[in-house]
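Okay, so we've got the same protein chain twice, two forms, each given alone as structure tokens, structure 1 and structure 2.
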Structure 1
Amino acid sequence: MRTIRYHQIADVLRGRLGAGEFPAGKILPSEAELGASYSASRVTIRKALEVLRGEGLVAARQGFGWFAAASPLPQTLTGLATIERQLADSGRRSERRIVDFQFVAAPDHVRPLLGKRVLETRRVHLADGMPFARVTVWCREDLGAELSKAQVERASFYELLPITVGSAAQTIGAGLIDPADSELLEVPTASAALVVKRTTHDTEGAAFLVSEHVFPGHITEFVAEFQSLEAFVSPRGLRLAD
């Protein structure tokens, strides 16, 4: 019996997925790249991928293309928690990698809160070895002066700083992955992202941390639990973006 070409390609891709070449959430090569690799038309490649999608092995999202199927990684909205703790609660192995650690002039949106000069750290968080978030934190200069790169790579600012958290204000919006984050997160430039901006205050109400968290949109979801009907039908903090 003649083997249909797209079934052959599906078999090969299934083997690559099974071997862990593409872990859950990992973006696959584009249809054009796969076509060049297997000397096949994009129509044939798409048929092969549709076979694998029918088996629940891959998924597709506009702006991302095809990726190894993955359950979304939940981020709770009901409390202030580190990414590591939330991943651990989901049964995922977490890792952080520091990309930048330097004292800089505070960006315009940070200066009114933390002063003219800040410690800026940029890091990548991984879930089971896959890039999951880019986080940039700006820390007040006097507090950052007591920290080392090794400390920040090992633990969160909440654990390292001798300050009790009083409150935090957080906004979540839609964004697009820029070229720098595309490289760090291994997703296409201009693909969808969830962007979280947070300002953390001490018990006296003074800001001491400002942060920005960028999550690839195809593997992230935010979860809120409402304890009453009133909270459900009248969520606080809903506003139109500028």
Structure 2
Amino acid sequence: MRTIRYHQIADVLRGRLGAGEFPAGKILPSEAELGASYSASRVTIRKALEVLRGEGLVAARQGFGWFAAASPLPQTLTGLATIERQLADSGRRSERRIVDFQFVAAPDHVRPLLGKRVLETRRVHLADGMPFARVTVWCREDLGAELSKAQVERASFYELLPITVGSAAQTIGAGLIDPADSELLEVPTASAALVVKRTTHDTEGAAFLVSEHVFPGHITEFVAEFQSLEAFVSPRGLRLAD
């Protein structure tokens, strides 16, 4: 008898989930059934499932069962230019100001992705002197070590890092302006903000950048245009957060 059997079971289940055996929302066999399949007790199965729950792969409801978590769908917000492009088109000056540039212990939501220590940079983006975004970027320590503050002020991480971007996952949510951002963005505390969180992966699928963008709600919005007649019954890509 091995001592950490539930990790092995978690690995196997992770594989089955990754193989597409259980598409999002599909109900998994009950703990009892899984226990029978793997000749393990319910306690062990539960521990394995709880590991996967911690990774966001599965979820459970009491009295109902375990099911594969709704995974983000591969759908982009079709179309428009970036904000920098818009600014350039309208002849406004775009500018970045660095307010923070240091190596720190990774915050909780970053550590599992990038490791224990990271380069944290905070920038304010301005259009014609008016701040319109606060962007915090966490960069993997080994990559961040090659960067200078001046470089980061001039260019984006995507241009600076010697890494090809493989994929990225991004969420758009709403939040309130906290006192720190209130000062940086020159808007009242507790006013509405668009919060974009993004994780960028290399071609191998390993994360190397995590960023958080905060936009004052009253001056920014996302625009998407659907040309085709594909259905969009409710806003696409929207999901319930945990």
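All values derive from a computational prediction rather than experimental measurement. In this text, rigid core is short for the largest set of C-alphas that superpose within 1.5 Å between two forms. Numbers follow structure 1, counted from its first residue as 1.
A.B. asks: Choose between structure 1 and structure 2: indicate the form predicted alone.
C.D. replies: Note: form predicted alone is structure 1; the other is not.
A.B. asks: How about residue 50 - superposed on the rigid core, does its CA move between the two structures by 2 Å or more?
C.D. replies: After core superposition, the displacement of the residue 50 C-alpha between the two structures reaches the 2 Å mark, so yes.
A.B. asks: Superpose on the rigid core, then tell me if the C-alpha of residue 197 is displaced by 2 angstroms or more between the two structures.
C.D. replies: The answer is no, as the C-alpha of residue 197 shifts between the two structures by less than 2 Å after core alignment.
A.B. asks: C-alpha of residue 35: shift of 2 angstroms or more between the two structures, rigid core aligned?
C.D. replies: Yes, its C-alpha moves 2 Å or more.
A.B. asks: Report, to one decimal in Å, how far the Cα of residue 15 moves between the two structures once the rigid core is superposed.
C.D. replies: The alpha-carbon displacement, core-superposed, is 66.6 Å.
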